[in-house]
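Before any questions on how it binds or moves, here is one chain, the form predicted alone, in structure tokens.
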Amino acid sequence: MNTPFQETDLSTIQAVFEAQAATALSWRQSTAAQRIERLERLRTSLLAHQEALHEAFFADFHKPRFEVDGTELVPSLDEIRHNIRCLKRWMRPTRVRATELTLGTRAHVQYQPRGRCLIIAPWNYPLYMMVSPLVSALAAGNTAILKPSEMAPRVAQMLASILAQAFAPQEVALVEGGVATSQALLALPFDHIFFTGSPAVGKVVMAAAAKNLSSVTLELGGKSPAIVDETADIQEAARVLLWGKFVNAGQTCIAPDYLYVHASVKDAFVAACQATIRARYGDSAQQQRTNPDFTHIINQRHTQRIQGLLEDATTRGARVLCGAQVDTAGNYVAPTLLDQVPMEARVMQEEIFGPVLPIIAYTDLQQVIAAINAEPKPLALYVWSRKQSNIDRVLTETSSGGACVNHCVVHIAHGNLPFGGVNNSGIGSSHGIYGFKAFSHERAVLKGGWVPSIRLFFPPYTAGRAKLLKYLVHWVRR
């Protein structure tokens, strides 16, 4: 059972927000060395709480230590390392060449901190999804108020301790609570809001931000498809796709949500998947149920939701290839493969966010592409193929936040790639320099000089100037 939480009172939230105003102004002048020192403080505190984080994650949703380190702590530390290494270069003003109309001037782009930032993180990766944007916010010179999910309360409490050791509240503060706390935070005029969560809540966040004209970065979700064509390496595809699907028990925003497999290799692929599941989690249902390497579902409500998806699918004619055992009291859903799932089944309409993978046979790649394009744009898309023309077709004719060819999920860990969605799956990008820019205002700075063309626009508007302007109109149309 998750521990109860309390809403943070409005006066506390307001006081912290106001206290960060002066800090945000002073940090506007902060140097790379000062920002790096803040990142080092965060890193030191994270490492000091490693064992306590293991215990908190296990208490909240039975997450193995290996997954805590591999999917939460290591990516967070790598984000810090990457920012420390590159920050001086990112902060330098970027010089830009003058255009023909502005010859004689000099110009550059200056990266300024946005100011006071709000970061709202989800429960599925409660450490990484909080620390990663915080690293970008600090690197860009901002203060931050963080709101963790109430559904992982022990991890939230550990985050509070980690941040309190590293920062004063007027620098970085964490507030706990549920919907009421989120609403109170969203009513404040933050300079930037970074939200990770569902598209439905993302719309609420965006509407609230609009009232204060706060800029936003929205990392949302959706149903991320995977395609395995007739030329793919079947064994490798099964091994990697099932890792991406079942890590964190499928509670991953970029997990493969459903899978198209060419009919000619479907039986071989299913057999490879079943063998992979047995090798990793055990031969029997009981062995899989007690496997220490398999994360549980976050709470009973979500366990019952996934159970409902399974029951709806089987009632409509879906065939269970393996798994489908559910223990609602223990928040456990077995690693599950489904076949012959009708498109109208809820498991094909809703984001699963659990260890359930529908497999769909296909013969015509164009029909698969059309089906993907008929749905909202996903956060990720995965294609397994050794035929370059098939790869090119999928990447050219579909749209998604990110994509992997002959891999899955790991693009989120690539520090030099932008991570984010498109339309329904998100707005804006994060990680590395893209996160630094998300939390920065790119200010255009022009230094004056002798610009002959500008003089044409000075009154009085004589016939001679009108003639020159007419020539200029024709010139710029070239």
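Please read these numbers as outputs of a predicted model, since none were measured by experiment. In case it trips you up, residue 1 is the first one in the sequence shown, and so on.
FYI, the form predicted together with a small molecule isn't displayed, but the following is about it.
Note on the partner interface in the model of the complex: the residue among 295, 182, 83, 214 having a heavy atom within 4.5 angstroms of the small molecule is 182. Of the residues given (141, 222, 358, 402), 222 alone sits with a heavy atom within 4.5 Å of the small molecule in the model of the complex. Proximity of 115, 163 and 173 to the small molecule in the model of the complex is absent: no residue of the three has a non-hydrogen atom within 4.5 angstroms.
Stretch-level contact check against the small molecule in the model of the complex with heavy atoms at 4.5 Å: of 194 to 202, 83 to 91, 230 to 238, 267 to 275, the positive one is 194 to 202. The small molecule is not drawn, but in the model of the complex it has a heavy atom within 4.5 Å of residue 178. The small molecule in the model of the complex comes within 4.5 Å of no heavy atom belonging to residue 132. In the model of the complex, the small molecule stays beyond 4.5 Å of every heavy atom belonging to residue 323. The small molecule is not drawn, but in the model of the complex it has a heavy atom within 4.5 Å of residue 419.
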